[in-house]
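Here's a solo chain for you in structure tokens, the form predicted alone.
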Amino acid sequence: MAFIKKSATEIDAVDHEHHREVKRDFAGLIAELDSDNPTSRRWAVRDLAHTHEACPELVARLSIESDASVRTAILSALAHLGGEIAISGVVNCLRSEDAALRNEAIEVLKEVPNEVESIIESLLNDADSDVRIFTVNILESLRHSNVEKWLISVIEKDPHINVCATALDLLSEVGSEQAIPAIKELKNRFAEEPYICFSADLTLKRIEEGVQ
């Protein structure tokens, strides 16, 4: 008899039906987050994605989860659930040594502007310059009216050249004439840095051309 290999989707569907036989109450789903089977963990996350009480457990699981698909499911669930615990759990990923996890977290945070609004300023003042850079990266796609204001604040106050350079690059795309004084002052502050001077001049030109 010929052996027919099942696709990953078919296997996932079979596993899903099997794991549905497990009791799907809150305690059972939380316990399943520690299953040895990543498919079980992933379905548990999906079933908990509408339960705010699960946020602490989802955040805790995120910090140790090794399977990429489960991790993605957790990040999506936390973004959907929202609230301080969920969003803080995603933000903490910005401090991870895992570049893939950091990038996933950045993409998730870009999609929840209302949730992120209240913590942007604290992130832009974080002691870790890398976190400040990642926060500017979040602003790149954040659909929020204060994006330019936040970027101006960065180039006015941040002492780290790489943070300022990242903010300046974004201002070249979204900046208006209200950013001009801060850009000129940044150029003076880093007058010995060719990249900053070049980027500042380019940004000023783009803004001035856009105003005309």
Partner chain sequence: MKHILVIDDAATVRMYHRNILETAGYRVDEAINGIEALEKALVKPYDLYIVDVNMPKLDGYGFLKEFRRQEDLSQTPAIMVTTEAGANDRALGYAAGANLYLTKPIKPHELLSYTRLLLGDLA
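Numbering follows the first chain given and starts at 1. Being a predicted model, the structure only gives us computed values, none of them experimental.
The same protein also exists as the form predicted together with the partner chain; that form is not shown, yet it is the one meant from here on.
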One residue of 161, 68, 174, 31 in contact with the partner chain, assessed in the predicted complex (non-hydrogen atom, 4.5 angstroms): 161
Heavy atom within 4.5 Å of the partner chain in the predicted complex: which of 125, 118, 103, 88? 103
Give a yes or no for residue 107: in the predicted complex, does one of its heavy atoms lie within 4.5 Å of a heavy atom belonging to the partner chain? yes
Is there any non-hydrogen atom of residue 84 lying within 4.5 Å of the partner chain in the predicted complex? no
Given that the partner chain is not shown alongside this chain, does residue 192 nevertheless sit within 4.5 Å of it in the predicted complex, heavy atom to heavy atom? yes
According to a 4.5 angstroms non-hydrogen atom cut-off, is residue 111 in contact with the partner chain in the predicted complex? no
If we take heavy atoms and a 4.5 Å cut-off, which stretch out of 164-172, 49-57, 180-188, 36-44 is in contact with the partner chain in the predicted complex? 164-172
The partner chain in the predicted complex: within 4.5 Å of a heavy atom of each of 130, 198 and 202? yes
